[in-house]
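Before any questions on binding or motion, here is one chain by itself as structure tokens, the form predicted alone.
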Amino acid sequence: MVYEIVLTTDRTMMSNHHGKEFLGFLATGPAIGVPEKLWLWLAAPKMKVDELGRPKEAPYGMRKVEAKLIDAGFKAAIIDPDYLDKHLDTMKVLMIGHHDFFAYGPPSSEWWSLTGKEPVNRISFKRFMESPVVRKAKERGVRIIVGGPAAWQWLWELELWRKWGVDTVIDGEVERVIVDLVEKALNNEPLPDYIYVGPRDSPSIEEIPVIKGASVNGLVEIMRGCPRGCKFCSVTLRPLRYIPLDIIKKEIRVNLRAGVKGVILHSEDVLLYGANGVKPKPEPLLKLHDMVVKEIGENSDLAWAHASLAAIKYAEEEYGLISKIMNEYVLNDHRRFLGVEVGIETGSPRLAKIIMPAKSAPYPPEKWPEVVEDAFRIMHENNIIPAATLILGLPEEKPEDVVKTAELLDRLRPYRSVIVPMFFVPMGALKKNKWFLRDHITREHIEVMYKCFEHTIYWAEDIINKFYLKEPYLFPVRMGLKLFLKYAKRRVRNITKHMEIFVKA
């Protein structure tokens, strides 16, 4: 098969992370306590490919672009980075996507700032861009187009942009612009350096294609956009669109046919699928989960990409919806838990009101700590395991706000979860603000970080022992993660003491 358009990325993205999405986050930090190769294997092992180098699974956003180009009649395919040389003679356009090209996003930028070491994802991407095959492609006149959620990071790396010969950077949802851009690239016409796709140019449901090949760990989009309007998030700038059940079903079946055993329902807030504003509605959510479980069967995994804590509290207290979904659709002998990413961001009602006034809706921002605690209790009682984020250094943050976050962490200790502190990165409506870096750390920040690390290490051991990485083939990964946790337990206290000395200095 001849492909004129090749889509790819570096190894940290072109992996299914041993079938466990959360392990991929290891690539956002530097290799700690082990060689980089071993760290990379834990985070992002190589993917299975066919004879042409087409991966069994690929990043979902890249699958959408691939589908859009195929539907438009182009000869396009996603190719594993180790197999690009097979397509050098026919390739005319090389498209590269990433969630964090240069490790400027959270939590990569935090680990980099704290340790002074480049994260593995940055090292891996630079290695890929400077590889002989990419250099040779550029020498042969291949047009290079990059995009994805981290497209904005190229504006901070203009020298590398020029050095690597990147022709165009696309920032935003690309369905409306990608076909025209690729047509120009194939005809060797001049290309714009930078394309920003604003909310007004966001594609309609009809313009969003169905993926042609399997996505990493069965991720399937159920909606785009978010109505909560948090100032630190760019997704809230995009219009809200619900993907119809028949389209979701088609994409699940694409994954199942490829042998992917499971599905991750992707949205910025899964519980707002078909909602009334920010209030979850039972009927759309029950229909969604009923359809999904019937498609994947009892022996496949199920997860939510993201859910808001306010929606979790409201759905359970108004309708008993969380316990109903978990008991009637999710939990069985195979599926003993459901993983989800949630955002705490701050424990301060004052700061929540300024930065994310609708994140607690339909509850007032003054009740935010109560909303968080109630949602964590509901998740704990229903075997939902959250990976939660905090943001340190938000604009207008005061020491007393950080103290409120520390107090909230104390109240969350009884609930099974992973809590990750992240440094503020200027994005969304706050993109003109300053980065929060190691030099800005105070004693209050150190206390919050230590509480997060202590909480996470405590519950990570419980999660591994009872729920995670139980498959026999994952025994080496399980042992590797356990050894890392033991190493981390020894190191965290020393790192904290070192940071306290740094702050005093």
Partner chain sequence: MISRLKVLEEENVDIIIGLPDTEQVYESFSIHLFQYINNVARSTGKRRFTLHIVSIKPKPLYTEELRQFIQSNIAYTIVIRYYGHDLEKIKEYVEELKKNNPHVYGFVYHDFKELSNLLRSLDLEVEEV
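Positions refer to the first chain, counted from 1. The model shown is predicted, which means the values in this text are computed figures rather than measured ones.
Same protein, other form: the form predicted together with its partner chain, not shown, and the subject of what follows.
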query	finding
Ser113, Ser234, Ser131, Asn383 - the one with a heavy atom within 4.5 Å of its partner chain in the predicted bound form	Ser234
Listed residue that, although its partner chain is not shown, lies within 4.5 Å of it in the predicted bound form (heavy atoms), from Lys184, Arg416, Lys92, Arg224	Lys184
Among 77-85, 116-124, 262-270, 169-177, the region lying within 4.5 Å of its partner chain in the predicted bound form by heavy atom distance	169-177
Check all three, Glu317, Leu321 and Tyr363, heavy atom within 4.5 Å of its partner chain in the predicted bound form	no
Gly198: touches its partner chain in the predicted bound form, heavy atom cutoff 4.5 angstroms	yes
Pro190 within 4.5 Å of its partner chain in the predicted bound form, heavy atoms	yes
In the predicted bound form, Ile205 touching its partner chain (heavy atom, 4.5 Å)	no
Touches its partner chain in the predicted bound form: Tyr329 (any heavy atom, 4.5 Å)	no
Within 4.5 Å of its partner chain in the predicted bound form: residues from 139-171 (heavy atom criterion)	Trp152, Leu155, Trp156, Leu158, Glu159, Trp161, Arg162
